[in-house]
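In structure tokens, the next block holds one chain alone, the form predicted alone.
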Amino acid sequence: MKDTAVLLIDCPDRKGLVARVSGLLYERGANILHADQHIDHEQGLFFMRVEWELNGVPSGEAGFDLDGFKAAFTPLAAELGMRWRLSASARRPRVALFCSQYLHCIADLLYRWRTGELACEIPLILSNHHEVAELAAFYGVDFEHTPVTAETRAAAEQRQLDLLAGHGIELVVLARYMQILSPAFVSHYPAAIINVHHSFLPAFTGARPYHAAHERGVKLIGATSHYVTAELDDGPIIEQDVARISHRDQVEDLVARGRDLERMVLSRAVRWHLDRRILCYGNKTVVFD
């Protein structure tokens, strides 16, 4: 895996933005590996992702001076009204996984992590049930049982936040965690909590979407991964997928077929977040290829 840096930018659109950014990178000796941009013409917004090598190019040259580039880019970003994030691939984000009794999504994520597909560290799993404890032990991840009731929700969330802070967690993944997080909890991780919902949002929100889809007689079911906000099932959508069904399928068939969709859309969303491919604006996302 190459040692790279990624710059994510969003700002008001104007002429010359690509040239200003790429020109500065050229002046600093960067070898750009990927560059992509998007313009929202209705809102007049510009989005850009640039990735470049940090090791010497060609062989024998000194490595790229990331701190020097950051110092040079900061005044340019201020001049152009940019919001920006600069990160290096060598630094792996620390991720916590939440789940309840359904383990298909968390098992998939742990397998992808162990095989190197997800570039992160996973030091912590939290659940309001005990079913995942054995899986956590198999992968050598700390497990914490955090039961939640209506009466204990505030205390349980505070314990969860303390555990997340103690492990230096930067991203929370809800891998079929069947509890609603409070706005106070969500506020600690803006655009850093990813959930999988077992329907093609915005259709069939809530806890029993497969039952609602069966009652409605739909011909497609879906799954959605999205960032969590204070509004239930209404955060910026990252990824979605669907499967065709028929009148012959019962609720249990929808649930079984939906599990594959849930695994896929959640793992893609987590991987794209870790690869720094997502920019949020308003209640939307730009997901760079």
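Just count from 1 along the sequence shown to find any residue number. A quick note: this is a predicted structure, and the numbers were derived from the prediction, not measured.
In what follows, reference is made to the form predicted in complex with another copy of the chain, a form of this protein that is not presented.
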Another copy of the chain isn't shown here, but in the model of the complex, which of 91-99, 133-141, 119-127, 176-184 has heavy atoms within 4.5 Å of it?
133-141
Given that another copy of the chain is left out here, which of 208, 145, 85, 219 has a heavy atom within 4.5 Å of it in the model of the complex?
219
In the model of the complex, does residue 30 have a heavy atom within 4.5 Å of another copy of the chain?
yes
Residue-level question: is residue 156 within 4.5 Å of another copy of the chain in the model of the complex, judged on heavy atoms?
no
Taking any heavy atom pair closer than or equal to 4.5 Å as contact, tell me whether residue 260 reaches another copy of the chain in the model of the complex.
yes
Might residue 20 be said to contact another copy of the chain in the model of the complex, defining contact as any heavy atom within 4.5 Å?
yes
Looking at another copy of the chain in the model of the complex, is some heavy atom of each of 5, 75 and 273 within 4.5 Å of it?
no
Who in 81-111 is close to another copy of the chain in the model of the complex, meaning a heavy atom within 4.5 Å?
103, 104, 107, 111
